[in-house]
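Given next, in structure tokens, is a single chain: the form predicted on its own.
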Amino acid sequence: MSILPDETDPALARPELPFPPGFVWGAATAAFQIEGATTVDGRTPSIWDTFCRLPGAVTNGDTGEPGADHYRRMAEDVRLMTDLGLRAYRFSIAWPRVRPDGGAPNPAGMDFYQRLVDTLLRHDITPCATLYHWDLPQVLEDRGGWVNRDTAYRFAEYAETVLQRLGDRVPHWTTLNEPWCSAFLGYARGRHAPGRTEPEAAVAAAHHLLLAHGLGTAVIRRHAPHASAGVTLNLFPVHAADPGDPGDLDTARKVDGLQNRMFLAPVLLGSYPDDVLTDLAPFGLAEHVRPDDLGTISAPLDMLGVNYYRDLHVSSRPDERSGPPSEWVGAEHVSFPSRGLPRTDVDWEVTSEGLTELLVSLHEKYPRIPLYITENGAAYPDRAGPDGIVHDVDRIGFLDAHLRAAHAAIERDVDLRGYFYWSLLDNFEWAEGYAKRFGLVHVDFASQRRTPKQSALWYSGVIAGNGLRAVGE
């Protein structure tokens, strides 16, 4: 029996806030977070497999096993997507499956993704593939990881292997997911794999990730000339806690530069912002930029993926959480004063209006390019009620508010083409392990039983009607 709402419902036929015809509705996942099967069919360790073994690195000592066992349950998960009415599915491909140890191609690893793509297409779900979602082969990290410029070229080889097999089937490609996290959480803060706390290394990694994006884009163009190519960035509007305080204003500028403009400007404008170059001069950014790099990085794109979870409210006054090791290279003592707003289970303030602000800012400050919200979601302490249903009303409220914010941006002429909720399934949530649940679908990790939450049914209604109902319906 389908869980999709009745499309003859007048409220669905005439939504209060209709989205444009052809608007893409989907959900997203990442390979390491859901696949499990970390030693199956030739897969070798990634930096996250290694990081999970470090004492205290991941909540409860959790690892990528079992994940959501998607590697074995892929067909079941695609049926779930069909029942939910998803029009598109954003997934990532595991580099350690496809080119284990960064070496020769592994046909068994590629076979899984070919089966996944073919299954999606049979169910009329558009596959949207991400080449890199943080699972660098550990052998490449042993050679320096993203601090080593050579890793960008190894990424291009990996992309060749994937595009040769899937370029004729996948119409939408993303090179990287959130390179800011890979560089600054992984190499400066040590909160993510590989767990290094070296600010200079983080700055080098950021540039080499951008170079990998440019090289990967060229591979996509060569093997899939009719496909859409882009990159996904996690972007945050940044505001000074005290707009009258010069210190807060300068800290907000630095954080905005490191989080947003350091990635947007090279990709869309072909240059690093002057103030970012100045801020990061002590950490050697300019030393890594070779003459042709920015031309490679700024190759024309078909779309920009926007991952939005919250805005940032920053102060120059340190608190007990600030200071090194910090992801905020050059602004290590930044703090984030509370505004007394509702928070999710990962302690992020809920600021849906920031999504409108962000999308409008991208539209006004950068060359016009189609935008997709490639991640947006919230973790809440989900538990099934006596009726067996996960009544996640907080997540429904989060979704409703953010979709209204997205619609407000469209009304301001933003070229927003689609929305992907994060995440389809409860999964391994990086350093939080299995303690935080973002999914539309509840996963019992012991039994691997899938149960759509109330939010999944609500989202199905939005998809079926291509819009939002009146408040209270």
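Start at 1 and count along the sequence shown; that's the residue number. Given the structure is predicted, the values throughout are model-derived calculations rather than measurements.
What follows is about the form predicted together with beta-D-fucopyranose (FCB), which we do not show.
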item	value
The single option of E375, D135, D77, D311 touching beta-D-fucopyranose (FCB) in the model of the complex, heavy atom within 4.5 Å	E375
Candidate from T351, N260, N307, T356 lying within 4.5 Å of beta-D-fucopyranose (FCB) in the model of the complex - any heavy atom	N307
Interface membership of N177, beta-D-fucopyranose (FCB) in the model of the complex, 4.5 Å heavy atom rule	yes
Any non-hydrogen atom of D49 within 4.5 angstroms of beta-D-fucopyranose (FCB) in the model of the complex	no
Contact of F32 with beta-D-fucopyranose (FCB) in the model of the complex (heavy atom, 4.5 Å)	no
Y421: touches beta-D-fucopyranose (FCB) in the model of the complex, heavy atom cutoff 4.5 angstroms	no
Region of this chain that lies against beta-D-fucopyranose (FCB) in the model of the complex, out of 126-134, 296-304, 113-121, 266-274 [heavy atom, 4.5 Å]	126-134
Residues in 428-454 close to beta-D-fucopyranose (FCB) in the model of the complex, defined by a heavy atom within 4.5 Å, in order	E429, W430, F438
